[in-house]
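Listed next as structure tokens is one chain, alone, in the form predicted alone.
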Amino acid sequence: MKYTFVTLFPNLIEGYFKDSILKRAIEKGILEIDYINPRDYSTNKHHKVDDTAVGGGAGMVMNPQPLFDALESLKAQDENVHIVFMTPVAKPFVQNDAKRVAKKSHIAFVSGRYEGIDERVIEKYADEVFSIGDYILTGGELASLVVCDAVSRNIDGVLGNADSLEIESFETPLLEAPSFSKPQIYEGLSVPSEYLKGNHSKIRSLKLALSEAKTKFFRPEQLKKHQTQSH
């Protein structure tokens, strides 16, 4: 998988790939990371990439020329690149999206800044548009990293133990059951006793009950979905 980040601030993204799982995936050749800065494509003598909003409104908008040229250059290099824009007005990004998009060979994440990107850029170049939540960030870089991380975990070879994908939250409508590590008792707090008895059938039953309780408390709409699928 190749990721290209189209961003005015590559430094905000680079550091994330210098440690842990994604670093190892890059070293193994499973992932490749590249960057395109729209400022490098600006025809403005001062390399400006923003302008006032047509029709009024506060703030500046990323204008189309640098992004059109940057994305045209990208598509000339790889016509199969899958271009994703991050914006709070898009559909919510969910786990099924991560699994589906992980099958692509090259994904480009376009990160907006200021008050957003000229809509004509999105209309012309977007293959998909995602939101990571109903809130506003100062730029799209964090959102791009969130989606990149979620997608990467679903690529063969990225995780040390691929079996862990099967028991994670959102692989079913239920949230994942609570996890515990050693020691069995810490600061007077104990691991559930059933976890310690070695009866795997009872452990599975307890984990299911805990999963349902957690889902009922945090995400009741997910519990309803689970109950519907179970009947």
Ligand code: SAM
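These numbers come from a predicted model, not from an experiment. In case it trips you up, residue 1 is the first one in the sequence shown, and so on.
Keep in mind the form predicted together with the named molecule is missing from the figure; the text below concerns it.
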Any chance 10, 16 and 19 all have a heavy atom within 4.5 Å of the named molecule in the predicted complex?
-> no
In the predicted complex, segment of 70-78, 84-92, 100-108, 151-159 with a heavy atom within 4.5 Å of the named molecule = 84-92
Using a 4.5 Å heavy atom cut-off, state whether residue 137 contacts the named molecule in the predicted complex.
-> yes
The named molecule contact at residue 145 in the predicted complex, heavy atom, 4.5 Å | no
4.5 Å heavy atom contact, residue 126 and the named molecule in the predicted complex | no
So in the predicted complex, does residue 119 come within 4.5 Å of the named molecule, heavy atom to heavy atom?
-> no
